[in-house]
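This document starts with one chain, in the form predicted alone, laid out as structure tokens.
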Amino acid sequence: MALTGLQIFKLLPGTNCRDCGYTTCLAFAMKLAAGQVSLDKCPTASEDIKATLGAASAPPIRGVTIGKGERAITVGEETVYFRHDKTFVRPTGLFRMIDPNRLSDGEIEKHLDDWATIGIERAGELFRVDGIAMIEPAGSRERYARLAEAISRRGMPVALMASTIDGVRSAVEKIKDQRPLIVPSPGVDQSPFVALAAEFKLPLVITGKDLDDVAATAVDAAKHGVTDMLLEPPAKDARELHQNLSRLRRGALDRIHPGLGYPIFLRVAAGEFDKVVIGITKFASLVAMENAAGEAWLPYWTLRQNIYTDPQKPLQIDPSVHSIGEPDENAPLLVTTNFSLTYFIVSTELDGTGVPSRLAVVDAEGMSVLTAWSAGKFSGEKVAKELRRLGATEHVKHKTVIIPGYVSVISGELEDALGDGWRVLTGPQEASDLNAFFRDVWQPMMNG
């Protein structure tokens, strides 16, 4: 378990030298315990102290990276059981499982092309397939290696679902530099796979008949040189899976066994939708799904986004001026806050009107319009300052800005702050009324 500030203080030199930037060693220890400063700020800490504190302050769940390059995925490094305590760190990786025994090479190549390029943006996050889990084809080591290379060429992380040591070795030797994840079949002798992972310094999934067996096998694998592991909890039904996932996380956070401090792997057979949901919501670090229908991915991605959004920080986008359609200098200029949900609702409704527009998204610290106004983050003066900073006032010649109807009270202050002949038009309270607003207010005004 992580050390408290007083426990850390007892290990420090106690010189109160202030070289760390704090007035006392106790103040420095409290910052260390809160994770707000690193031990290297203390110039007089001995190597023994650094070793002791380094081990104690390490995340209780080891971080493991799969893949190389821009699409590499890191899992683990979690520190809390409930996300509102601090927040979850690494979103669940969602891998698409391929069974070459059911598909031709041509069909697989087409699927890989599709999954490597698919991308859906929602609330500022890009949804895409995080990696490919390749089942070992029956009786063909050469094909396994060839297909593994095909995945790597597309830059996607690879999980090698292996049934034989010879088969997975053939694939590992081809793509070892891409850091694939080795996933032995449940029930097989894991010692050859442990040796292979240690030889190539690759991450390995540890399986077992129960959690005690999984933890003991992980400790043994570490003794044989495997440093990066994922643990696969056994479960005969959804209830047992839920319990074992919870026990693994609690055991890791409480550091009750050295074999539990690793991320969690979950394989899901076709049609096991409940298992995916349990995995995403109950601490699975990586989920490999077999035959997951295309329409199922968006709900999974959305669920993951909701679970792994920091509850202590509003979901926001970068302030900027967004073009809806192909606006010219006569297009309407609207303003809103940078709360993601607000932006996506307004921009979607604007696009639906068919009226080319510009939407100035101003920095309101991720708050919605009314919340930002009540907190003093969406006043006339601040909106004017943001509009100038973003260059929004340079895009139109009509010198008219449309504000949300709920904050019509700032219109006078905003006109005064903008000056230079600018006028403020109060728009509708609801974005769904923008079409009627353009028809009944904006177009007659511009034509008049």
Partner chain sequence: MSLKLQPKKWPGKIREVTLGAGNRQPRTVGGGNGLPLHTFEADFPHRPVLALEVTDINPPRWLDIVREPWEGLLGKPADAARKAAEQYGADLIMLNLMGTHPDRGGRSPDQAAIDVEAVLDAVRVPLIVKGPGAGAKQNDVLARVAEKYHGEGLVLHSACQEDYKTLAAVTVAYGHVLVSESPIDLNIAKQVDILLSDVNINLDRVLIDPLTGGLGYGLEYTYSVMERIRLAALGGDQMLNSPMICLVGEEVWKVKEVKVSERQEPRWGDQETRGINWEVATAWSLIEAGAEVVVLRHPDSLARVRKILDAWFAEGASNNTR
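Rigid core: the largest C-alpha set superposing within 1.5 Å between the two forms. Numbering follows the first chain given and starts at 1. Model, not experiment: these values are computed from the prediction.
Quick note: we don't show the form predicted in complex with the partner chain, though the next part is all about it.
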Open item on the list: Please tell me which of 176, 239, 102, 223 lies within 4.5 Å of the partner chain in the predicted bound form, judged by heavy atoms.
Closed with: 239
TODO: Quick one: from 143, 90, 282, 71, grab the residue that has a heavy atom within 4.5 Å of the partner chain in the predicted bound form.
DONE: 282
TODO: Classify residue 294 as contacting or not contacting the partner chain in the predicted bound form by the rule of any non-hydrogen atom within 4.5 angstroms, answering yes or no.
DONE: yes
- [ ] Look up in the predicted bound form whether residue 352 has a non-hydrogen atom within 4.5 angstroms of the partner chain, and give yes or no.
- [x] yes
Task: Proximity of residue 215 to the partner chain in the predicted bound form, heavy atoms at 4.5 Å - done: yes
- [ ] Please run the contact check for residue 108 against the partner chain in the predicted bound form: heavy atoms, 4.5 angstroms, yes or no?
- [x] no
Open item on the list: On the criterion of a non-hydrogen atom at 4.5 angstroms or closer, are 128, 265 and 358 all touching the partner chain in the predicted bound form?
Closed with: no
- [ ] Could you tell me which of 166 to 174, 300 to 308, 91 to 99, 150 to 158 sits within 4.5 Å of the partner chain in the predicted bound form, going by non-hydrogen atoms?
- [x] 300 to 308
TODO: Could you list the residues in 142 to 181 that come within 4.5 Å of the partner chain in the predicted bound form, counting only heavy atoms and keeping sequence order?
DONE: none
Open item on the list: If I superpose the two forms on their rigid core, does the C-alpha of residue 367 end up displaced by 2 Å or more between the shown form and the other one?
Closed with: yes
Open item on the list: For a quick test of reading the superposition: does residue 322 move by 2 Å or more at the CA between the shown form and the other one, rigid core aligned?
Closed with: yes
Open item on the list: Rigid core aligned, does the Cα position of residue 342 differ by 2 Å or more between the shown form and the other one?
Closed with: yes
Open item on the list: Relative to what's shown here, the Cα pair residue 114 and residue 347 differs by 3 Å or more in the predicted bound form. Does it come closer or drift farther?
Closed with: farther
Open item on the list: If the C-alpha spacing of residue 341 and residue 85 moves by 3 Å or more in the predicted bound form, is that a move closer or farther apart?
Closed with: closer
